[in-house]
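Starting off, we have a lone chain in the form predicted alone, written out as structure tokens.
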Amino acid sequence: MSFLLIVEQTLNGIQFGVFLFLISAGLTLVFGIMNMVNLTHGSLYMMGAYYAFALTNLTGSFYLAILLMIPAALVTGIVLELVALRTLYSRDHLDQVLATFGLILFFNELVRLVWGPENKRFDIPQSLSGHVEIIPGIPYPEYRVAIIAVGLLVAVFLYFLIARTRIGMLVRAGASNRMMVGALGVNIRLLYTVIFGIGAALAGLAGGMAGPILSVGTGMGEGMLILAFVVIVIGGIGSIRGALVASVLVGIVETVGRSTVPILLQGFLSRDVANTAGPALASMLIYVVMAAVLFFRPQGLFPARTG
């Protein structure tokens, strides 16, 4: 197992973790503050990818497509919250799961109707198609570096939004006692709509940036949604810092595990068996990590501070 392989897969894990953070950051706000189990969050990730695909073809510019896709995802989230989800806040989690699962089916059929059943693909922009040496002698794709940079910028933006602005103060207060915040004259419904819209925009951004390196297809958000729930459980529900740390942790465990576990298994199993069992065992590592964190820290690594 070479040093080059470990470094490359670690960087890939960080990049994958950034994808997870963009999704899980919005999900942890919705789940932790609004107490809403929103299974359609993965569908918003998928819609962002399709929006980016369509806008790239329409404008001929990936960068312009991303800039237009973000408000499109924001509006989609706001409309979804106003039309379908607002009435679910007072319902129990089972009702929320059933309703949002139905919305997953709706979005999957919607993209089949609009874009067809075939998977879509669009190219990495030419300006980011090269490589850069983050570590001397180890080239790494510029586009993946750009994804990491965008994720870190989003993390900084969310930190200032939550910790340094009035909206952030209301978000933290609403997470602590929404009834009291409403009694003080704050429009809780509007606050929830804003939070949901921001979460949708972040999920859409992740989907849009995933488009050039992943296949854009129906149901592409379901697997990411499962990992996003794992992230917010590990990091702490409602915690942006926890979502960032847990996303990177899960991304590295997932990516490095898939490349190294089969190699390690070849030491005492046949190559075919190792290559078959390795990816499955690597996927299990994420849930082993989650179980370990829950055993030692049931509230997650960084529980949200509401004060």
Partner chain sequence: MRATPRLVAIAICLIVLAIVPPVATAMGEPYYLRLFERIMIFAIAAISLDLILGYGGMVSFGHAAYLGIGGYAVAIFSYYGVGSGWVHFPVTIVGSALIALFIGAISLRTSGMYFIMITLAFTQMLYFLGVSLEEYGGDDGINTDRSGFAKLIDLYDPWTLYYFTFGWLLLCLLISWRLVNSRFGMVIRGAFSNETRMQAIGFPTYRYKLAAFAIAGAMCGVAGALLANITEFVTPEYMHWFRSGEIMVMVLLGGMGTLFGPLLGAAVFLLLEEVLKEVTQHWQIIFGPLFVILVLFARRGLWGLIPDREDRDG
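As the structure is a prediction and not an experimental result, all values here were calculated from the model. Numbering follows the first chain given and starts at 1.
The next section is about a form of this same protein that is not shown, the form predicted in complex with the partner chain.
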Original post:
Is residue 156 a contact residue for the partner chain in the predicted complex, using a 4.5 Å heavy atom cut-off?
Top reply: no
**OP:** With heavy atoms only and a cut-off of 4.5 Å, decide whether residue 210 touches the partner chain in the predicted complex.
**Re:** no
Original post:
Wondering, does residue 126 line up within 4.5 Å of the partner chain in the predicted complex on heavy atoms?
Top reply: no
Original post:
Even though the partner chain is not shown here, does residue 138 get within 4.5 Å of it in the predicted complex, heavy atoms only?
Top reply: no
Original post:
Heavy atoms within 4.5 Å of the partner chain in the predicted complex: which of the stretches 105-113, 143-151, 69-77, 194-202 has them?
Top reply: 105-113
Original post:
Though the partner chain is not shown, can you say which of 260, 266, 276, 59 has a heavy atom within 4.5 Å of it in the predicted complex?
Top reply: 276
Original post:
Of 54, 245, 256, 39, which residue is found within 4.5 angstroms of the partner chain in the predicted complex when only non-hydrogen atoms are counted?
Top reply: 39
Subject >> Residues in 77-116 with any heavy atom within 4.5 Å of the partner chain in the predicted complex >> reply: 87, 88, 91, 92, 93, 94, 95, 97, 98, 99, 101, 102, 103, 104, 105, 106, 108, 109, 110, 112, 113
